[in-house]
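Just one chain is shown here, as structure tokens, and it is the form predicted alone.
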């Protein structure tokens, strides 16, 4: 939606014009899944679709949350800005960010009218939640002159998701939304927050996202269960490696040498995925920098197989899309992206093969699942900014 349309919508909603407008993108992760909360590497990029926020202060002492994507608005008085809303209310995502800022000492002296509008497909695993968190944290950080860095803004969003949405997510989604840069992906060490912007020059190859329309639900409990299972593996490994801070520190050789300490079979498979995925992510970034796109694609495929067999977060819909993509000429690599349990795949596809890819994969997917997939050709975009 264009800015003028958003401004008209704000005027219609609140009866007066907005005073500022902001945008934060969703993200797609090219490789490095379920490694972020294990202290590992990820390789996401920001997308051209995301969440816009228009706002203006009011004199009523109330934060009014409205969204063009949700029918119900929510009013929160100033004295309740740090309280979680009941019934998994959508406004917990932006409210949680405001609460984090209030707890850091920036107590607003006035209320605000807020209007959100997002074009990230809901439930697709492309970080619509991170986009609304980061746009809120970025906007109020600027308005209240907090001088927070983009990394600190990402951490505000992560804390909001932990405390107000009940999802023990890692930092990747918020970090990509805050730090994204057009035509670059972010090679991020989630333990140290050190990162490198890596040019994505694919030369005749496009990033194609396929939406299963089987919504992924991080708050279903399955995501938090994976976090717990990794913690179990880590605790057992510390019986022989007491210095071990997180699973991602282990090389493949390290894991082979000490993995016998993991007595829980499920925790063993979760740890094996994490260690392997960290290794694959390093190799994939090196391959991209060396111009070896074929190796990058092979590592994407291996990532999906590990997420399917060891981490068990793909499911029949994501498997159907990835496995169909692997059969199409011109596909360099394909894998699930995001938390899993539904959502999207990301594929690298030669431009001339895209029509055949969409037709062939779409038909195969419907035949296996009776669902219809949507396909988006992704553009890599900038992170949070004022409009």
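Residue numbers count along the first chain shown, from 1. Keep in mind the model is a prediction, meaning the values are calculated, not measured.
The protein also exists as the form predicted together with ligand GLA; that form is not presented, and the subsequent description refers to it.
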note = Exactly one of 106, 90, 223, 268 comes within 4.5 Å of ligand GLA in the predicted bound form through a heavy atom, and that residue is 223
remark   = The one residue among 315, 276, 170, 111 placing a heavy atom within 4.5 Å of ligand GLA in the predicted bound form is 170
query = Should residue 338 be classed as touching ligand GLA in the predicted bound form when contacts are defined as heavy atoms within 4.5 Å?
reply = yes
inquiry  = Considering non-hydrogen atoms and a 4.5 Å limit, does ligand GLA approach residue 333 in the predicted bound form?
reply    = no
Residue contact check: residue 32 to ligand GLA in the predicted bound form, 4.5 Å heavy atom = yes
query = Applying a 4.5 Å heavy atom distance criterion, does residue 357 contact ligand GLA in the predicted bound form?
reply = no
message = Looking at heavy atoms inside 4.5 Å, which stretch does ligand GLA contact in the predicted bound form, given the options 113-121, 285-293, 172-180, 238-246?
response = 172-180
remark   = Taking ligand GLA in the predicted bound form and a 4.5 Å non-hydrogen atom cutoff, the residues of 37-58 making contact are 37
